[in-house]
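First, one chain by itself in structure tokens, the form predicted on its own.
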């Protein structure tokens, strides 16, 4: 057996999924919490060149992030074609809820997703989900996952759908690991991915000081100087939480702060957040690792360089609809167009959650839409 080590942090959902993957495949591994052990965190950075988790070593190979495709190549078992009643793409609040409702209707259900939890995993604290006064996104999604895994008719796979086509009465999905899945119906619930800063050199610094998952990587920046880019709820929530971890937080806002009053109140109480209104990030500096950013005042056009250790981008999300390739109509935001019953213009194809054209993007809304999509898929199959 290979020597496997997982470097993780306590609140990192991708780390939890990496460990769960190894356990399901019977792989022995050593787990090291780099959020609480600074020496091991330093070792991880030296080993991988990353200020991001998880980092997995398999003998002498270093795997950055939860790379399901590479892990499947090392430990997975190839499977042939399979036919399922419902294929659910995505395992966030919408996808997981849809899976439970499909299972209760005794439908053979397959869920395919790169992660379990979706965008909800990025939330430090959720205060508006019924039944919880306050809960982290990771904890809430763990409850969702536990319920899904208790159902007998659900097969949950960590993989990525690379293409989806309609052939006769069936949908044909090809995954990143080379599997073909045949489905009578499909529920699209793959959510969105973080929007990039659009600055030169951005890819070079991703994981090397630039992060799109503050709940994952935040603990690695204890007592350091960081910046948060954005002015909405996610940005302010990240700035508030990072102000409890980092020594100094710089909040870079393109125009003005547009967050809910509850977040604004908490933000105003933090003494170590410096705010730059009407500023954008115009440059990234560093030699291998990020050491600073340049911000531009959009009114005066004056540029300022801020020395720092990390940047968290919280500037919005892009729908994961690239692989649909004309299968279903999209709006001008590249979201899947649905009616009030989560039905698309393609028979047998349904959609729910943030990937759709509904106006409200909330966890509780996504869960409700997932239930609706599942019931519509059941009605379609029974017809």
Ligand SMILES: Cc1cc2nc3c(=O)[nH]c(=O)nc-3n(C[C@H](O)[C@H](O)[C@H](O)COP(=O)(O)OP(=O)(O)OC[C@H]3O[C@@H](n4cnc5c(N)ncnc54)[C@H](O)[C@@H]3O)c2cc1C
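Numbering follows the first chain given and starts at 1. In this text, rigid core is short for the largest set of C-alphas that superpose within 1.5 Å between two forms. A quick note: this is a predicted structure, and the numbers were derived from the prediction, not measured.
One more form of this protein should be noted, the form predicted together with this ligand, which is absent from this view; the next part is about it.
*Asks:* Check, residue by residue, if 43, 211 and 252 all come within 4.5 Å of this ligand in the predicted complex, counting heavy atoms only.
*Replies:* Verified in the predicted complex; spot residues all out of contact, no.
*Asks:* If we take heavy atoms and a 4.5 Å cut-off, which stretch out of 49 to 57, 350 to 358, 325 to 333, 34 to 42 is in contact with this ligand in the predicted complex?
*Replies:* It is 350 to 358 that comes within 4.5 Å of the partner.
*Asks:* Have a look at 110, 72, 115, 280 for me and say which one sits with a heavy atom within 4.5 Å of this ligand in the predicted complex.
*Replies:* The option sitting close enough to the partner is 115.
*Asks:* I need to confirm a contact call. Of 161, 259, 156, 295, which residue comes within 4.5 Å of this ligand in the predicted complex, counting heavy atoms only?
*Replies:* When this ligand is considered in the predicted complex, the option within 4.5 Å is 161.
*Asks:* Is there any non-hydrogen atom of residue 317 lying within 4.5 Å of this ligand in the predicted complex?
*Replies:* Close contact exists here: in the predicted complex, residue 317 approaches this ligand to within 4.5 Å, heavy atoms only.
*Asks:* Considering non-hydrogen atoms and a 4.5 Å limit, does this ligand approach residue 366 in the predicted complex?
*Replies:* Residue 366: yes, in contact with this ligand in the predicted complex.
*Asks:* Does the 4.5 Å heavy atom contact test between residue 191 and this ligand in the predicted complex come out positive?
*Replies:* Yes, residue 191 lies within 4.5 Å of this ligand in the predicted complex.
*Asks:* With a 4.5 Å heavy atom cut-off, would you call residue 263 a contact of this ligand in the predicted complex?
*Replies:* Yes, residue 263 lies within 4.5 Å of this ligand in the predicted complex.
*Asks:* Just checking, between the shown form and the other one and with the core aligned, does residue 372 shift 2 Å or more at the CA?
*Replies:* No; residue 372 is a residue whose C-alpha shifts by less than 2 Å between the shown form and the other one when the cores are overlaid.
*Asks:* After superposing the rigid core, is the C-alpha displacement of residue 363 2 Å or more between the shown form and the other one?
*Replies:* No, its C-alpha moves less than 2 Å.
*Asks:* Taking the shown form as reference, are the C-alpha positions of residue 16 and residue 157 brought closer or pushed farther apart in the predicted complex, with a change of 3 Å or more?
*Replies:* Relative to the shown form, the pair is closer.
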